[in-house]
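Read the single chain below, which is given as structure tokens and is the form predicted on its own.
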């Protein structure tokens, strides 16, 4: 359960702010959020999945957020809306706002000559803001962060401790970048010559739009020539690798441990499940959903859900099935030969 940091708010005030309708006492006041199982008498909870319907009957929450089908399943004061989970997210954000920037520069931080800081910026201990860098008003640069030469961070952004932003990269307004993320490292650009690798200079940038969130230890490589671009509203989980010259469309969400090779184009409003892999130089249309652990080896031109995972099973059974998979090409050839033979036989019948 998360304790709210704002004054209590009534259900009526929430509906006035976020929409929906109140059933029961609109004067019911809440000051925190909680799960159906753990919520106390000052908390508001939600039901977004029918598997938790039994918990709705036993919850001690002061109020709940439900969809239309569940509105008659409880006598608690409730907000009825189309999308209970999204509504809950807005209520939680209202009751649990992020801490505001505490304007000032820690005595151990380094702000080099020529760096520009907006009003109300907070610079944490041992952070380094290199020459020519720009930090927007109200942003927080956490302890140990490095913002490279001529890099830019937009207003009201938050970089958690130990984020590294390489030279000339751009992070938009209200971005959230979690610890250990590296923005703008060199892409994996190498060329073979006479059995030796030659490094290809990576001279592009990373350009990140507004309202993007980047998870812990995620890496986004700078472009080899042009820029790597993450458009507005993209949400990236932890431990994601995005290679050079990738473009991720607005409001796409990517789960943990996804690897995206160079020069991939991902459309808007896509969803990519954990541990998926995308090979280089392919394009993915808007509105595509890729299931967890799927390997994408060619472009996807139409919206929809795509799955390429080979399901697990008992080990011996899995090995037998895997062995058969190795012979699929030969089996396909035999089937085609039989089809041709059958067609010839049909043609010779009197």
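Note that the coordinates shown come from a computational prediction; the quantities given were computed from them, not determined experimentally. For the two forms, the rigid core is made up of the largest set of C-alpha atoms that agree within 1.5 Å on superposition. Residue numbers count along the first chain shown, from 1.
This next part talks about the form predicted together with another copy of the chain, which is not shown.
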### Message
Looking at heavy atoms inside 4.5 Å, which stretch does another copy of the chain contact in the predicted complex, given the options 113 to 121, 73 to 81, 202 to 210, 132 to 140?
### Response
202 to 210
### Query
Which pick from 101, 128, 105, 173 sits with a heavy atom within 4.5 Å of another copy of the chain in the predicted complex?
128
#### Entry: Selected contact from 229, 146, 151, 264, since only one has a non-hydrogen atom within 4.5 angstroms of another copy of the chain in the predicted complex
146
### Query
According to a 4.5 angstroms non-hydrogen atom cut-off, is residue 55 in contact with another copy of the chain in the predicted complex?
no
### Task
Answer yes if any heavy atom of residue 68 is within 4.5 Å of a heavy atom of another copy of the chain in the predicted complex; otherwise answer no.
no
#### Entry: Non-hydrogen atom contact residue 41 with another copy of the chain in the predicted complex at 4.5 angstroms
no
### Contact flag, residue 293 vs another copy of the chain in the predicted complex, heavy atom cut 4.5 Å
yes
### Query
What residues, if any, in 306 to 343 have a non-hydrogen atom within 4.5 angstroms of another copy of the chain in the predicted complex?
306, 307, 308, 309, 310, 311, 312, 313, 314, 315, 317, 318, 320, 321, 324, 325, 326, 327, 328, 329, 331, 332, 334, 335, 336, 338, 339, 341, 342
### Task
Note yes or no: does the Cα of residue 321 move by 2 Å or more between this form and the one not shown after the core is superposed?
yes
